[in-house]
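This document starts with one chain, in the form predicted alone, laid out as structure tokens.
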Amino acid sequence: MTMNQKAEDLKRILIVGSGGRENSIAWALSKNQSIEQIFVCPGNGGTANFDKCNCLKTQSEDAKTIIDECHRLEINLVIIGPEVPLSEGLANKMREAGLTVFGPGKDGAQLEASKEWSKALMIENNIPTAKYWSTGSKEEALEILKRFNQPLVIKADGLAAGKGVIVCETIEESKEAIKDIFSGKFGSAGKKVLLEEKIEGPEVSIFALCDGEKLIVLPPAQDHKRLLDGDKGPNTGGMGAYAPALLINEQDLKNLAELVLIPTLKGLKKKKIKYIGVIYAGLMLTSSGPKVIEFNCRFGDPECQALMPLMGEEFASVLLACAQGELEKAPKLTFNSECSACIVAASKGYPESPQKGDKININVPSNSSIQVFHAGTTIDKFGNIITSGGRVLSIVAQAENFDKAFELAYANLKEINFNDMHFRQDIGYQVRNI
């Protein structure tokens, strides 16, 4: 597929990934009239529920097999969802094979794959962030903690599926977190550890679609990381989200683009990195101004599920234009003005050791304001939908305000059940009257 194809030639798309993020992107793209087929590799138990969408199960998950399938199916655009294949250079291999890809190369994916590299980029480009120390030694980490003499945030440097960050309330907890990481809790992701000062304030996620030179900013979202109501319990990959986040208005978003997103893209360019894909900044709005907690090199999950229903039909054309490095030629991306609410239903034992293999019953009525996005699901030989991961699915709803959107989402969540289903009752408490 050549790099100069036009938006009207966008007929067949491949999305790499199996989670709720990829399921929601497939759903959003399926609304584009000109797209004929959307393949999700490997997809999940809900992929084929959406018009024009199919799972692509390859014999092998190696890059060559997927690239061969892309050529066989005459794929016009590849979208790589998760951070692991991005950090392993899948986008590079696909581009070398002549495919049009939305997703950064291995160099740009370091934005997420190495917290130390990401922090250095922030410091070099005057992007506000918390003070930090980096070390590859447990002894040195404990020495830094002793010297600082305050609870710290302890982070595994590498990828840990959204679970490699421990926000400690006491010095003792900080010590335990350091020992856990260096004893192999997060595998090779914890060979190097960052110790970061604790900063306080509400969190918000901002996203930009980039073509290497320019970017478009999406509505902000807010994620809920902790497992239990009241933001208690362990960190997870995310238990729910909503968009747009009301913590920041349109002018704030413009200011944050100038303060964070644009300098990040410029900083990447200075390193000779042509960054094509999503820049996702997790921010904390502190009393001394916004600070970046971390960057991700892909859409947030579950923020993506809340955002996708707000995307206009031009979304597919904008992603193609980014992939081609020609964002200025894209149609203007419009956004639905409604409020979007997302609640995650998880398996018992998530995030440490999720229970799998339970049958899922879904009786949610078809409605343009409600979506069920599958994540950790599969279909057994009898055609039943079965749990296969920690975060099983999300229910997402849109309405004119957040009270109505969450009311709709929670009401329809009652129509879904599986053994020991767990979800938070207070998602969106920041914008709801509860």
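Note that residue numbering begins at 1 and tracks the sequence as displayed. What you see is a predicted model, and the numbers here were worked out from it, not measured in a lab.
One more form of this protein should be noted, the form predicted in complex with adenosine monophosphate, which is absent from this view; the next part is about it.
- Remark: of stretches 74-82, 322-330, 287-295, 307-315, the one touching adenosine monophosphate in the predicted complex is 287-295 (heavy atom within 4.5 Å).
- Think of it this way: in the predicted complex, adenosine monophosphate has a heavy atom of just one of Asp358, Glu116, Asp252, Glu203 within 4.5 Å, and the residue is Glu203.
- Among Thr135, Asn125, Asn92, Asn235, the residue placing a heavy atom within 4.5 Å of adenosine monophosphate in the predicted complex is Asn235.
- Using a 4.5 angstroms limit between non-hydrogen atoms, Lys191 is distant from adenosine monophosphate in the predicted complex.
- When contacts are judged by a 4.5 Å heavy atom cut-off, Glu197 counts as touching adenosine monophosphate in the predicted complex.
- Proximity of Lys225 to adenosine monophosphate in the predicted complex falls within the 4.5 Å heavy atom cutoff.
- With a 4.5 Å cutoff on heavy atoms, Val364 does not count as touching adenosine monophosphate in the predicted complex; it lies far away.
- Contact annotation for 166-181: a single residue, Val167, has a non-hydrogen atom within 4.5 angstroms of adenosine monophosphate in the predicted complex.
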